[in-house]
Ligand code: AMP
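In structure tokens, one chain follows: the form predicted alone.
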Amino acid sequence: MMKVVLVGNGAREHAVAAELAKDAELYAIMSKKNPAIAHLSKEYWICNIENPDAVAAVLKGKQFDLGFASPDATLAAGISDVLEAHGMNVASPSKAASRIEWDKSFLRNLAEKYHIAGAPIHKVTGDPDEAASYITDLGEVAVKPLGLTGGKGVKVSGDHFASPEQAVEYAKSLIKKDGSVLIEEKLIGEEFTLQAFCDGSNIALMPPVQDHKRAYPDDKGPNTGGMGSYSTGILLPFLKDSDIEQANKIIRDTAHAVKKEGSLFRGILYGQFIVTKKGIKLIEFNARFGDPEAMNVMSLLEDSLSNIFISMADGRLKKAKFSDDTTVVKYLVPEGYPENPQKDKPVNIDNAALEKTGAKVYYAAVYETGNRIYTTSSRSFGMAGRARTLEEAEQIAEKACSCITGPLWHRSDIGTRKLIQSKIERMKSIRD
């Protein structure tokens, strides 16, 4: 049996671990013990997974056939390179290739150099006066740090800035902190995620997913890591075939551009796109599965993930087969999340009731002490429903949420017909 080592410990990694453990012997290296991943693993170790020396020390004297590192900061720290240096096949991108995520200016420069479609009007600058002038000229903008922010560093006119002056102040604060800032035109439309397996030259698409980053119902409130998501087969309700074709080309062209720059991107290439009046625009690329989007697509995978990973690592990518069922994921999060989450609170899991719902449950930022599960300050559980219809999948996820009790809450509107119909109508008005 293939021996696979997984580096990471969130709900996204739990979704990956659950698939790998079906036909491989799983081992895990985690920063904190995820009880569900630990249960799936033959053996696990706890260390700083953003420290190459710490991970190398764990690996010393052990042999594995395949390695996969997942969280963004872990990839940015070069942990995939550590796995490769240990002599195994690696299905996650190197530090150089994952720069596409941890350096936003690299992606924009890459798109410009290789004429990759979909880039918004933008400027990277370290000059406060130039930033102020550019924001004034554009009017409505998105202001972004260049590095990793966990999905929470981007601020947009109308949502976070009531005036250009506020945008200028934020841009100046990022220049002071980081040395430079990315300023882009504000894009109006509906966002979606399109993830692909990539072996450096070829890609295999996964079903598109729409994530909900806003904390509160009707997509209100501050940004989070993601409150839930849904998928509806090969398209989302507001998408056209041509939208997927455009996004597919952008992903493919980007993989080729990274190759021309001297790095092979082998791993999960995750494009965050937005459908606008002027077509598909690329918001950003990530170098790993989305969270919660990994839960949607892994729930639908009908092939062996370990075999796909091996083919990806070998540069001979196999096509991946997915069901065309619908999925809905709802995140249970601590009371007070995201501003003032209640942490270190016990929760109760009714596993018998959960099994009756048919939902899959993915453990996120929780920990176990004395056979009890406790919350941390981040998201707690991803509850995934799968069915032929959206209504059924949403109800499965919703019922599953009631099976875990404690100081937790979730967005009950995710996956509902009302919320999705609002997306369809909004997109129709934008296209028209």
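Everything numeric here is computed off the predicted structure, so don't read it as measured data. One-based numbering along the sequence shown.
If you look for the form predicted together with the named molecule, you will not find it shown, but the lines that follow are about it.
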- Consider the chain as shown here, without its partner, and state which of Val124, Ile349, Val156, Ile234 has a heavy atom within 4.5 Å of the named molecule in the predicted bound form. Val156
- Contact residue in the predicted bound form, chosen from Lys360, Lys186, Lys95, Lys318 - any heavy atom within 4.5 Å of the named molecule: Lys186
- Report whether the minimum heavy atom distance between His86 and the named molecule in the predicted bound form is within 4.5 Å. no
- Query: Can any non-hydrogen atom of Lys104 be found within 4.5 angstroms of the named molecule in the predicted bound form?
  - Reply: yes
- Message: Since only the chain is shown here, I'm wondering whether Ala142 would be in contact with the named molecule in the predicted bound form (any heavy atom pair within 4.5 Å).
- Response: yes
- Tell me, yes or no, whether Ile283 is in contact with the named molecule in the predicted bound form, where a contact means a heavy atom of each within 4.5 Å. yes
- Answer range among 87-95, 178-186, 244-252, 307-315 for contact with the named molecule, defined in the predicted bound form as heavy atoms within 4.5 Å: 178-186
- Along 187-217, which positions have a non-hydrogen atom within 4.5 Å of the named molecule in the predicted bound form? Leu187, Glu191, Lys213
